[in-house]
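This document starts with one chain, in the form predicted alone, laid out as structure tokens.
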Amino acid sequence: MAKNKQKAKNRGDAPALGFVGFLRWIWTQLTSMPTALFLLLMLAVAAVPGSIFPQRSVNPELVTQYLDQHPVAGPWLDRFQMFEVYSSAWFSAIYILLFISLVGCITPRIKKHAKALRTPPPRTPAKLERLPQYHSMEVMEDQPDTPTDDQLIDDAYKILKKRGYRVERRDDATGRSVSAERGYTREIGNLLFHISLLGILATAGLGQAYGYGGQRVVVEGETFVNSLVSYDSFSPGSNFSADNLQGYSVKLDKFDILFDRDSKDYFGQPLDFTAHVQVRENPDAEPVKQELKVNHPLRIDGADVYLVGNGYAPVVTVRDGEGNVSYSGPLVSVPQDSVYTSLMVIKVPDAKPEQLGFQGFLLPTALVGEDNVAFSGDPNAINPQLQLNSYYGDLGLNSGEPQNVYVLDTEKMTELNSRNLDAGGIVLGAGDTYELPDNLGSITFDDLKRYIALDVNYDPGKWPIAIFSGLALLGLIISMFTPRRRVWVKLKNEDGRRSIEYALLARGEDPRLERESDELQKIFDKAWPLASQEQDLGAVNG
């Protein structure tokens, strides 16, 4: 092997790295700062598809719809996990590599800086006049308070130490001097920034793993209990366990909306939304009345409950052809405009002899226009009215395919009521009942309630991320505004004439170095009887 190395050396070729050497080279490249910055950029780019394509964890129905609409591209995108970006193998790989790279970058720097903190300031240069900021002043010996050599050195030591420098006295071949250095906190701030960035990555992963999010619609008088079966949609973290769900509950007593009634341009626009709720933090706790508003969420045992939507929920009763109650309760309608004209769908799979379906609109304040078409004239429920079409047949709920609850699939159904039929459409005021044609049943408009849409979010990494973000900002400020400086003060004695010379050197750009030099000169002039010899020779030497 030694002969092969010698031959390679004789030919001018680099010796083979070997397996261990190759691993060391890989580690060196991975833990370099350019690699960490490149991986950070890659992570940002890799997150872009998550905002372009629908994600299964957020809305699986949209993913199914996308696959149906794109039969060629959809399966390929699915193979590359474009519908599960943030839990995909390639996104996780970039995330983990960035984490390792940052750890590898920071660890040696911490060791190096810890060693630098224990190292005394650098030795005094032999020729201080070559440094950017240099001053020389003669000690006036004819003054009564002329200090001795020891006093000069001790005073310089105390002055620099008081100004935040790490100081050391020296007595060597160049003479007696004081060397000082400050600005070690600059690197501490830099390290704090990078460690905080590492903490943000770690706690963000923790939040994604153990957090959860969910949505639920709650009608006035109903109670939402924080359990899996209570959610309309639920997005758990990768390590989520149902046992960790907090046992709180939220009951909606009343929901109020304040509309603009004074402004001409914005008449009828909502001004304020207030949900009056009762909160129990656990099943045994007493209910506490609270108010839930937009951008003012409920904070319950670490979870945030946001108000994200609202509307009307008509209470209806549907009887089938045999006279049995097939459905009874509130139905969520979807507002379509500013006056809360709302789309609603009713599916009655238990009706006999035929399944029944209804679709149409809720008009909170029904008015009739000149063309004999009804519309809503106000968002408040002053004259609520249901205008529906009815159908009978197969609702398609037994096919196993997921359906949108706000869409009625009429492909396998027959129309019973509509404007185009002799029976006409169904028009129901509050308390009215309509008998369906062919003795297929009836529908009653019993009451009208309001509902709210809740978004529940639990993220255990939220507060740690906020803390690490604050620390990162603090570290950045420290590293940006803390100058790294060195100062040397030397006592010279030539032919019985004593003089003090001092010089400053910045580690990097420091526009305030000259100001620091002037401040030191003023302090020295006050402390000792000095006569200036040379000023700012750095400008000449430069």
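Computed from a predicted structure; not experimentally measured. Only the largest set of C-alpha atoms that superpose within 1.5 Å between the two forms is called the rigid core. For every residue, the number given is its place in the sequence shown, counted from 1.
Below: the form predicted in complex with a small molecule, not depicted.
Here is the short version: of Leu252, Val139, Leu102, Val318, the single residue with a heavy atom within 4.5 Å of the small molecule in the predicted bound form is Leu102.
When you look in the predicted bound form, the only residue of Met33, Met42, Leu62, Leu513 with a non-hydrogen atom within 4.5 Å of the small molecule is Met33. In the predicted bound form, the small molecule lies farther than 4.5 Å from every heavy atom of Arg280. Contact check for Ser479: a heavy atom falls within 4.5 Å of the small molecule in the predicted bound form. Looking at Asn190, you'd find a heavy atom of it within 4.5 angstroms of the small molecule in the predicted bound form. Mapping the unseen interface onto this chain, Arg170 falls outside it, with no heavy atom inside 4.5 Å of the small molecule in the predicted bound form. Comparing 424 to 432, 102 to 110, 286 to 294, 321 to 329 against the small molecule in the predicted bound form, the single stretch with non-hydrogen atoms within 4.5 angstroms of it is 102 to 110. When two forms of a protein are overlaid on their rigid core, residues whose CA moves 2 Å or more are considered shifted, and Asn417 is not one of them between this form and the one not shown. Superposed on the core, the two forms barely differ at His276: its CA moves less than 2 Å between this form and the one not shown. Comparing the forms between this form and the one not shown on their rigid core, the Cα displacement of Phe193 reaches 2 Å or more.
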